[in-house]
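Taking the form predicted on its own, here's one chain by itself in structure tokens.
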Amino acid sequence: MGARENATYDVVGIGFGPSNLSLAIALEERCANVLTNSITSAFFERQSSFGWHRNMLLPSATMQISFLKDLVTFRNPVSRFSFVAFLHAKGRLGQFVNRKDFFPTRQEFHQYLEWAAAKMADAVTYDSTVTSVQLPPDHGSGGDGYVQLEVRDTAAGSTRRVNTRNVVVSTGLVPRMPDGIARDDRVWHSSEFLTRYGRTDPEVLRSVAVVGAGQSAAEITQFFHGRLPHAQVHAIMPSYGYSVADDTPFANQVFDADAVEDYYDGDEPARDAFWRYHRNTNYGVVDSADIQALYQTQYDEGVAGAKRLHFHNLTKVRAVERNGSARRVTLQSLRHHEVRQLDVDAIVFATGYASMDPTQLLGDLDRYCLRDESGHHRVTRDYRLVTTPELSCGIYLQGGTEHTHGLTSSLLSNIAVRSGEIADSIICRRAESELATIAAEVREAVAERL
């Protein structure tokens, strides 16, 4: 679908990953069940087709959340966009149930997301990058209720403008590399892993390294060890070893919708407790089965006397330099502070992501967005930026709200409820605007008769 030049929409979504896909579905379902005119919307995605962490769709890797935490179920259990509906449509519902497992493979869950995205194809324009969000040229001093987006068509190289009364920013996370280390054809971030690996002749990979102590690092280490039987595999981590992810029932309550309420309403000590006690549910941790498998591999190699898997704990990478076709990695021990060199044919940094920050995208509009004492954007409970009266357009964030909404700010765990709350807010704001217009017209009519 092509969004119309200079058209004004009720909502424009920037990015069309799972979060804004869930929002598009929520808007469609909400509008089908409320007495209001249809909400007009358009979504823009810079990729040429739907894709979500494609480079970490490793064989047999499973989701860390239940299939019930899909795009819709926690908001609308009877939605036609649920994972169960997907399984039924594919003729696999019975077989999936027979697995007796709540966790689908990552590949199958991605198939589900693609299936849902295909059903919402009319809502999105791919190959389109929003380059700026700004006030329209004829913006009045009291706020006109909308902003103008500049959208670049990647394939055609052309630019168009669209207007919207609400913007929902969901541009995803930004891959994070250690300071001073740049990516190249042999220095990869985990976000590009399968693409980079697929472009490299496995035979030249005689020695490889993985940096990090989280789930992605463990999975890539296992992948390398299994796919490259001729290679030495080095796992480099700042910790003493992998830490297990806490997925016990009480700890998992931090991902419930009610926990968002508790975090948002909590004072600083309460919010600090959330992070201090429950970071190990998601950040820098590994599934126990993967930890056990890697330890067993290390042990078995010790028994056989043929070691290929090497763990460098309490170690950080200080530099990576070219050494012919290989890369020379400078390692520093955090224990003895000694420095040593390691030559590898490829190194993968599974060093996580930086939180989404809308500041650059908003440009000059950011000066209308209020911040708290720590310099973070102020955000209302419905994920909307708090702005000055000069900017009456709604700006919503799907991500980048960890400081106000807690651990589930950008996670799938709360995606259905979060998108439903944003959809409700947009619809309510539309209704309030319509009522205000009607009230003004009534007052004007009464005044004329008097």
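Note that residue numbering begins at 1 and tracks the sequence as displayed. Quantities reported herein were computed from a predicted structural model and do not represent experimental measurements.
The protein also exists as the form predicted in complex with a small molecule; that form is not presented, and the subsequent description refers to it.
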item: Contact test, all of T40, Y383 and I427, partner the small molecule in the predicted complex, heavy atom 4.5 Å; value: no
item: The small molecule contact in the predicted complex: S410, any heavy atom under 4.5 Å; value: yes
item: Contact label in the predicted complex: C31 to the small molecule, heavy atom within 4.5 Å; value: no
item: Residue contact check: S392 to the small molecule in the predicted complex, 4.5 Å heavy atom; value: no
item: Contact test in the predicted complex: I14 vs the small molecule, heavy atoms, 4.5 Å; value: yes
item: Of A123, L228, V130, A346, the one that lies within 4.5 Å of the small molecule in the predicted complex (heavy atoms); value: V130
item: Partner-facing stretch of 23 to 31, 419 to 427, 383 to 391, 52 to 60, counted where any non-hydrogen atom is within 4.5 angstroms of the small molecule in the predicted complex; value: 52 to 60
